[in-house]
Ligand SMILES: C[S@@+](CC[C@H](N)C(=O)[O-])C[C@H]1O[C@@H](n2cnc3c(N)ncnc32)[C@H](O)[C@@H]1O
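Shown next as structure tokens: one chain only, the form predicted alone.
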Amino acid sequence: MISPSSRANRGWWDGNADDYQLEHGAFLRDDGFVWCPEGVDEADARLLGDVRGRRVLEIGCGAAQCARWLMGQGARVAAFDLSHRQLRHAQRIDLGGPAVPLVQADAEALPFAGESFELACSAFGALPFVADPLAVLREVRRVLVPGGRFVFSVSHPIRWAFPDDPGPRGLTSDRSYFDRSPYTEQNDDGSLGYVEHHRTMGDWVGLVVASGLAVTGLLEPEWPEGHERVWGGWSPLRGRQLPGTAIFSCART
């Protein structure tokens, strides 16, 4: 049964996918693998290592830009997203190569057999939209082979303590980092329209360990010189003072 968070966020992304791809599509590139607004590019970072011939699952694929890049590197890829409209954008992009195998699914109940993949990845913070991240991490562990790896990015937890503002206001904390109350928005009829959940850095480490995965690396990317693009609350001003993204590397033990 789909959770209230998943139901709300599926509706939100279905309603906002067109604007999201219009605004950010050029930055993401049709066959690029960008991890976060700081512009960390998998072609350079190689957080997944050599993917040629590997079975890879992309979680929260959006328009499948990352999956398309992985296929171009010789990986065998499956990708899924909660949002049907995001997947329609994935189908829209046609670069003349093989189509990305796509599934509409909830990350808390993956429709894949156990030990189906050697690698899994999730870029641009899909996990904070999930009410039960432990269930997701356990599902990821289930579908990974022993020794398989999972790399995922989330909005850096410290951002929770600051206004989501790219300007000077976003440099002054106005709430507790330890307040784990989710951020929510309501629809006109009063129903839940958007949910984003906060976990501290310690929470994320604890969740990974509790799932049976091991943390093998953590990247907090610095804002790069010459990168002037504003993405929501991410900006050069804030990025030079505060980390905006955390990228966890994990392994199935």
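The first residue of the sequence shown is number 1, and the count goes up from there. This one's a predicted model, so the numbers in the text were calculated from it and none came from an experiment.
Keep in mind that the form predicted in complex with the named molecule is not shown, yet the notes after this line are about it.
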property: Interface residue in the predicted bound form among V77, L137, L144, A123, criterion: non-hydrogen atom within 4.5 angstroms of the named molecule; result: A123
property: Contacting member of V154, V100, A107, L119, with respect to the named molecule in the predicted bound form [4.5 Å, heavy atom]; result: A107
property: G60: touches the named molecule in the predicted bound form, heavy atom cutoff 4.5 angstroms; result: yes
property: Partner proximity in the predicted bound form: V40 to the named molecule, non-hydrogen atom cutoff 4.5 Å; result: no
property: Exercise: F162 in contact with the named molecule in the predicted bound form, heavy atom 4.5 Å; result: no
property: L219, heavy atom within 4.5 angstroms of the named molecule in the predicted bound form; result: no
property: Triple contact flag W13, Y20 and L82 to the named molecule in the predicted bound form, non-hydrogen atom at 4.5 angstroms; result: yes
property: Among 185 to 193, 206 to 214, 60 to 68, 43 to 51, the region lying within 4.5 Å of the named molecule in the predicted bound form by heavy atom distance; result: 60 to 68
property: Heavy atom contacts to the named molecule in the predicted bound form at 4.5 Å, residues of 130 to 145 in sequence order; result: V130
property: Distance direction in the predicted bound form for the C-alpha atoms of V100 and G125, relative to the displayed form (3 angstroms or more); result: closer
property: Change in CA distance between G125 and E58 in the predicted bound form, which is 3 Å or more, as closer or farther; result: closer
